Ligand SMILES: Cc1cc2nc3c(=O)[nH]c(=O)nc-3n(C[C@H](O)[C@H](O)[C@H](O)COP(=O)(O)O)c2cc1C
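One chain is shown next in structure tokens, namely the form predicted alone.
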Amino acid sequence: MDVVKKRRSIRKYKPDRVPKAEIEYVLEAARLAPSWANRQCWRYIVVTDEATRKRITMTEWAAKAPVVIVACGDPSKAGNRDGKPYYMLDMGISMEHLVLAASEHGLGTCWLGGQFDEKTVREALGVPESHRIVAMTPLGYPDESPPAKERKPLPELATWEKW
């Protein structure tokens, strides 16, 4: 629970390089996430090149992080039941594992779900048409300590037995 309470969306990063072992640690957490029928539809691309980070992100602050991790999902490797494409859920679980592992190791992240142009990212990184670019996150050492945002009380979010 401590890491869940500690995690924040970070929008200002120190320029310090993130060691490969730390990047691999957060990727390992993402790899271990559960998925539809254990199909593991995800593929992650680690981007450290500054020019590429600038090209694929639409926010200047995200491009300043020393690393951007791009999360791609293969819809054919996940179920689709009642019009719900489960690759999105699988990617969300995997990304959250990554984000929490980063926070555990003192690294900052910030979900970017719609703040990129999928076509631009696809072209820049050579992502095949079979995959969707679902999300990305900058990754680096935080250069800010934002306070926790207010959350709704539990009784507004959960009930017992019925709505």
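We number the residues from 1 along the sequence you see. Please read all numbers here as calculations on a predicted model, not as lab measurements.
One more form of this protein exists, namely the form predicted in complex with the named molecule; it is left out here, but the text below deals with it.
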Taking any heavy atom pair closer than or equal to 4.5 Å as contact, tell me whether R11 reaches the named molecule in the predicted bound form. yes
Any of the heavy atoms of I133 lying within 4.5 Å of the named molecule in the predicted bound form? no
If you check in the predicted bound form, is W111 within 4.5 Å of the named molecule, heavy atoms only? yes
Can any non-hydrogen atom of R151 be found within 4.5 angstroms of the named molecule in the predicted bound form? yes
Taking 4.5 angstroms as the heavy atom distance cut-off, pick the stretch from 103-111, 44-52, 64-72, 26-34 that is near the named molecule in the predicted bound form. 103-111
